[in-house]
Structures are given as C-alpha cells and as structure tokens.
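We begin with a single chain expressed as structure tokens, specifically the form predicted on its own.
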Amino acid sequence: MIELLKQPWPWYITGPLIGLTVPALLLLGNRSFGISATLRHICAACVPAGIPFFKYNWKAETWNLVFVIGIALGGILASTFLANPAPVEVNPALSNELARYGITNYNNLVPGDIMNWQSLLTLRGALLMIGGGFLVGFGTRYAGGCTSGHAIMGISTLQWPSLVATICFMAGGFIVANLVLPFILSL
C-alpha cells in the first residue's frame, strides 16, 4: 500500500478527486473552494489595524484556515513518509532544452539549479523568485482569486468572471513559458 502511495497518481484519479471537492464543499456547508483568500483571513485575524479591507467576519472563514493547515500538514507528511527518492522524470527534449540554461538537477520538484539561496542573489534568481512571486500575488489579487478558486470552483459553478480569469491565467502562462522564461533563464 505504501509503495502505491509513493507513486505518481494518474490524472484520471487525481482530477476527479480534486473536482469532487467542489460538490462536497457546497453540500457540506455552501462553501467555496479557494486558497488565495487565506492570506487575507490570516491578516484580518492577526493584524486588522483598522484597515477597511480587513474589517469583515473572518471567523466565518475559519474552515478555510483549517483546510489550508490540512494541506500544509498533508504536504509535510507526504514529503516525510511518502517521498519518492528517484529524480523527477523529465521529457528528454525538455531536459536537453533546460541543459542549455544550466538546469540539470531534477532531484526535487523544483529545479535545484535555480531555486536555492545562492540563486536568489543573482538577477536571474531574483527575477524568478521575487519578481515571479510578486506577479503571482498581484495577479491573484487583481483577478479576485487564484487558479484553484476560479478554474476549479468558479467554472464548475458557471461563473463568467472565472472563465475569463482562467483564460487569462492560461494565456499568461503560455506567453511567459514560451517568451519570457527563456529570456530570464539565459541571464
């Protein structure tokens, strides 16, 4: 059983399991799935400071905080007890392309060649980690949610803004992956 859990699960099992969270949350308490609002709830609980954006009943969203804590604990348990020590399998064509940028280490889920403390102090690392993190946060706030909230919950409940946001997320991802990322990796 442990060996089964250590293997990557195919999309036709994990996709429906993720999709089933939407009706489960709706049936269990009319809740919306989403992760990005959690930071707002934490800020409202810890540092309200009279800021109007943080003045709301954050206690009504306690379930979301518990949900995110459960995700974090699940990640810790999985990485501690179920980690597969084999390197991540990468398509040979992609591996050859990444080797041109000096990325050859696939021992972690993120490439250790560019995601480390030493890289953070380089222009390439700062653009990827700090600039990328800022843009993800800005885009999530600007769109009123992240990919999980819009693509999984919003589209499944037929929300038009979620469809537009998801199309924009996908278009942005394709543009960055094909036009911007090669430039940054070549720095």
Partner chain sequence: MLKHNIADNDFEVRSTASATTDAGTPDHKWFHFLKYLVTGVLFGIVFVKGEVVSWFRIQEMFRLQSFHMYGVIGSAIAVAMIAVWFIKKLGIKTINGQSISFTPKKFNKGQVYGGLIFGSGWALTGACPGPLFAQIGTGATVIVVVLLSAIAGTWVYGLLREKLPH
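Here, rigid core means the biggest group of C-alpha atoms that superpose within 1.5 Å across both forms. For clarity, every value in this text was computed on a predicted model and none was experimentally measured. Residue numbers count along the first chain shown, from 1.
Absent from the display: the form predicted together with the partner chain. The rest refers to it.
Under a 4.5 angstroms non-hydrogen atom cutoff, the partner chain in the predicted bound form has Gln7 among its neighbouring residues. Contact check for Thr157: a non-hydrogen atom falls within 4.5 Å of the partner chain in the predicted bound form. Though the partner is left out of this view, Thr62 does reach within 4.5 Å of the partner chain in the predicted bound form, counting heavy atoms only. In the predicted bound form, at least one heavy atom of Gly74 sits within 4.5 Å of a heavy atom of the partner chain. Taking the partner chain as positioned in the predicted bound form, the residues of 77 to 94 that bring a heavy atom within 4.5 Å of it are, in sequence order, Leu77, Ala78, Ser79, Leu82, Ala83, Asn84, Val88, Glu89, Val90, Asn91, Ala93, Leu94. Superposition on the rigid core between the shown form and the other one places the CA atom of Gly172 less than 2 Å from its counterpart. Asn57: CA moves 2 Å or more between the shown form and the other one after rigid-core fitting. Comparing the forms between the shown form and the other one on their rigid core, the Cα displacement of Asn30 reaches 2 Å or more.
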